[in-house]
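The chain below stands alone, shown as structure tokens; this is the form predicted alone.
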Amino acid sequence: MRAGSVALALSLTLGMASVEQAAAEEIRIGFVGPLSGPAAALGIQTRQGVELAIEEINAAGGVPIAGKPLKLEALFEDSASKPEVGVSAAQKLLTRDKVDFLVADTIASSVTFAVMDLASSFNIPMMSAQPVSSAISDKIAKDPEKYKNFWKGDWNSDEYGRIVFDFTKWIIEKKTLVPKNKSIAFVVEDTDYGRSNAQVAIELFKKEGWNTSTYEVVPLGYSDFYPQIAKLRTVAPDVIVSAFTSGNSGVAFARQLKESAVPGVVIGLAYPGYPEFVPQARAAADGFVWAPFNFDSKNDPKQKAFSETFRAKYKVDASNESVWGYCFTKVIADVFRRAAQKETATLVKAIAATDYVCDVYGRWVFDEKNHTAKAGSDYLALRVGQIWNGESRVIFPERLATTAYRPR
């Protein structure tokens, strides 16, 4: 063997030994999420929340495993919101980096749907973070043995459709909306997130005698909504529902909607809560109703304190994604703390028994049938906000409201 080949072989051997040693002395958590592409901002905000949580956990001594305190290390790989990229990233974390726990994807349901099939090939706990597609839960429930190690860290997309429906019924009961023709319109991105959210709402409204006046699906990152808005002007729906994971899409939709003076109640899912939405949409954001408004750093004292800590570290405002990454990492650390070991079956039992309250967000408890985080007032509650004068305030559920809804 040539000297160069010997040196390369030795380098690879030492490199693998280094990885194995680090894996033994740390709790290694792999994260796959969008760090580039149209949803990159969300992925980066989530990563920052993860980093802040790990910094706090390690500063407090780490997590005891087999009687020895171990530090947590987060390893991040980019999915670019593409399933094939996400699968490759997950495989790297599992095979080369020897992670003890895999989170994939942090944002995209489509990536999670692809990555979760690795669960039967790699015997470690896996979990998605914010993906909400009900198809993930359905896949687990249909083959519980194959996906026994895979869990879903967020509620199902059914909850988004349900909160849109419940809020609309509420404003009708309050007589702040008097439907002219009981019609609802949808403009959503062509992802599992966009389509699944719309489908649940469509079925709920249909049962109440509403009709879907238009259902427009646009590509991820889309920004020219004038053709879709022209249809909205023609059909004049009582309620307009939009769902995008791209902040640029949300800003463009809001501006063009205002420019075209389209009437109706406008409900946006997720994107009106992105840090860039109000500054970039400006007056076009006024009157927008949106969900889930689960991070209110101005009116919630605990979330305000988190936001101040976050800004001191990163010099940017905290967001729903950053607080989610923070709390979700605390949930995983709690799983290891209760398991007190890295053995997969024990960790999975600990996930199933999770009952963890993160003061700045909510309570995590998992449904053992579909391995999904429970939603509702006793668990992860969805709140509806409305934007006026550049500020969001909670308007629904009424018991949690900090201001009243008013039509735009």
Partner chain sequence: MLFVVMLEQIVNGLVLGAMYALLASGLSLIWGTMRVLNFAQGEMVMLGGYAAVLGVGLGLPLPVAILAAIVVLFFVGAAMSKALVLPLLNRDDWAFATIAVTLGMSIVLQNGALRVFGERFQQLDYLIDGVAAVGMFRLSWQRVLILCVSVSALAAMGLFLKYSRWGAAIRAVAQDRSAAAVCGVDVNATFLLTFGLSAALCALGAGLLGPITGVYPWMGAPLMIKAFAVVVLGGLGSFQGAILAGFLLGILESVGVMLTSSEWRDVISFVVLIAVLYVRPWGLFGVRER
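Numbering follows the first chain given and starts at 1. Source: prediction; values computed, not measured.
The next section is about a form of this same protein that is not shown, the form predicted in complex with the partner chain.
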- Note on the structure: Residue within 4.5 Å of the partner chain in the model of the complex by heavy atom, from Asn123, Ser260, Asn181, Thr309, is Ser260
- Note on the structure: the partner chain in the model of the complex has a heavy atom of only one listed residue within 4.5 Å, and of Arg337, Lys148, Arg195, Arg162 that residue is Arg195
- Message: Given a 4.5 Å cut-off on heavy atoms, tell me which of 140-148, 299-307, 223-231, 168-176 is the interface stretch with the partner chain in the model of the complex.
- Response: 223-231
- Message: Can you work out whether Lys92 and the partner chain are in contact in the model of the complex, taking contact to mean some heavy atom pair no more than 4.5 Å apart?
- Response: no
- Query: Do Thr372 and the partner chain come within 4.5 Å of each other in the model of the complex, heavy atoms counted?
  - Reply: no
- Message: Would you classify Gly37 as touching the partner chain in the model of the complex, given a 4.5 Å non-hydrogen atom cut-off?
- Response: yes
- Query: How about Val63: is it within 4.5 Å of the partner chain in the model of the complex, going by heavy atoms?
  - Reply: no
- Query: Within 4.5 Å of the partner chain in the model of the complex, do we find a heavy atom from each of Tyr215, Asn248 and Asp317?
  - Reply: yes
